[in-house]
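Here's a solo chain for you in structure tokens, the form predicted on its own.
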Amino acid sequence: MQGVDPAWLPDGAFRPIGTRRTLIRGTGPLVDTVRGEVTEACARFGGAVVQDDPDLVLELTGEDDGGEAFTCGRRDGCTTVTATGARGLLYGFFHVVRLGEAAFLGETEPQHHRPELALRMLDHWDNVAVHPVMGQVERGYAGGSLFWADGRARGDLERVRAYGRLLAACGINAVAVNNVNVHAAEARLLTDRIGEVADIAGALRPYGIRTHLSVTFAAPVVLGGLETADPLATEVREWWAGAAARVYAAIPDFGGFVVKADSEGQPGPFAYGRSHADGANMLAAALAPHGGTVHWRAFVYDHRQDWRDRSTDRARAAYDHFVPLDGEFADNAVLQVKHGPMDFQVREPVSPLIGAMPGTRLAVELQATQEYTGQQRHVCWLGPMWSEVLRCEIAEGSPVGALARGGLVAVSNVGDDLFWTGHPLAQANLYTFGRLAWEPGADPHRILDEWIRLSFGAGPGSGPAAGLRSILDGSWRTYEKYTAPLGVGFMVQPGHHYGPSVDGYEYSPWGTYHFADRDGVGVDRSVASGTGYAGQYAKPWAELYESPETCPDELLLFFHHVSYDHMLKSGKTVIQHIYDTHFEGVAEVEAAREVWGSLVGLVDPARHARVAERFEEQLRSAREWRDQVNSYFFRKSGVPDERGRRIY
């Protein structure tokens, strides 16, 4: 850990444990991890690991059953954590770390803690070799890969071990270590380079993290020399069964495969006239004898659309492809669905696919790396967005968090940057993801306060805490204000997706349009006159989204093409809303920058300097967004700002 920012686990977070007399009962590798953590804390702060008269008991009761639950309480001056599984004991230990001194005050009845989702996973879009277009980490904004350097696995894996510690501290239990777009070097990780993956798995294992691997569907052809990758061909199924057996021989606790197929040029079962269920089930069969899972991504759409054709709608694609297959996927096949129907925009409706496949295990995918939300150069805490998604009752009163029976997954925002996430405040997104994956209904603001206290040692009401909370809380809506309005999305520079380009994708084949003209803006996705996408939802959502009169303002332009003088529920016209929010967004960034400046001397100097540098870029970019978007719509509509502000 030396030389790197310990993120939300500063030394001080371990002081309450390190000053206590701790009794640890149980055996096994994860219990040894807990013992090592406690021993190190005691060596630093003066406590001791003891055999009797403890202040803290950490106990694995009986044989390790693999469970993740734990019970924590305090009685007669002793805090006790018990678990039937070593992973549970590890999580119970970090629970006490989060509580800090509060874990050792008063008397508390034993409380049982259990993760609501069994799989809580990060997907790293890391390339083994530096790709000429995508670089080291595709859509990564925190430096190079944690796992790979110079075309091979890093020799020194201490930082990977430290990363496992950070993930376990917030409840994450799985990691996919390579890009879902599997290039030539990454493909070989499945076969002759599996030893490198095993080394990474060995560094993560002490903290209960299972390793997963993204694989190419064409592996039997690319790696095995077969003439086909047809999922129903006997030789293909045998090849995958052999490949899976060799993986598990090297990594006995391997988690499984992640697959992007028939998507954005990646190979898949469509080439052989087979369905996605055929493809997923073939891989599931290869993994089943070993207890593995295939995560099959539902991000499948036509990326060669004709922009002139308004009947084709990218938002419809996942539902149209996969709903007819409900009930056909194997038990150990998980369909991994992006939380919105498009692509991690700052504002989207919840994907209707999540509520439409009761016979299929679904995992919901979020994006912690901020591809469309500032790329970790802008402060944009996504906790409120994710909480809205997870609490949304998308089907018969069932919230998304309950429907995600296959787990919660996020595209990682971590790299080899000194501060892990490039922008130190982007660490809040990683921590919030882990805590919401454990408890989807949790209050994200409570989680934010927890992260601030753990990361900055600042309790509620302190100068740093109040300032940090004011900066982060609301930062998502601030970003939304100065970028794409009312759910329209994708007004970004093509390719790298940073900064404004209102028509950047308007005439492209990617299916990401806003259809602005002199009369109005937005995409008609109604059943009555548009693409019919609104009809993919069950009631009451279909009825809510069908009409501009009932559609929520923040999603109006996602579902409807309306005139610039259309009156919003807020009482403003669409055009005035665009002007006002873009000016407001910049003003809010200016205010946040001032608050951060006031924290100098209260925050570690290196961390303060990095955030201050990022705020300068955020403010520059926010002004550019404001001026380009407002000017664009002023020139399209011819309607002036009623407040007379400068628009170019």
Ligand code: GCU
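For every residue, the number given is its place in the sequence shown, counted from 1. What you see is a predicted model, and the numbers here were worked out from it, not measured in a lab.
Separately, the form predicted in complex with the named molecule exists; it is not shown, and the next lines address it.
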Contact segment among 182 to 190, 111 to 119, 136 to 144, 269 to 277, judged by heavy atoms lying within 4.5 Å of the named molecule in the predicted bound form: 136 to 144
Listed residue that, although the named molecule is not shown, lies within 4.5 Å of it in the predicted bound form (heavy atoms), from Trp125, Phe217, Trp476, Phe254: Trp125
Residue among Glu101, Asp503, Asp443, Glu264 with a heavy atom within 4.5 Å of the named molecule in the predicted bound form: Glu264
Indicate whether the named molecule has at least one heavy atom within 4.5 Å of a heavy atom of Asp416 in the predicted bound form. no
Is there a heavy atom of Asp343 lying 4.5 Å or less from a heavy atom of the named molecule in the predicted bound form? yes
So in the predicted bound form, does any heavy atom of Lys481 sit within 4.5 Å of the named molecule? no
Contact between Glu348 and the named molecule in the predicted bound form at 4.5 Å, heavy atoms? no
Heavy atom contacts to the named molecule in the predicted bound form at 4.5 Å, residues of 479 to 500 in sequence order: His497
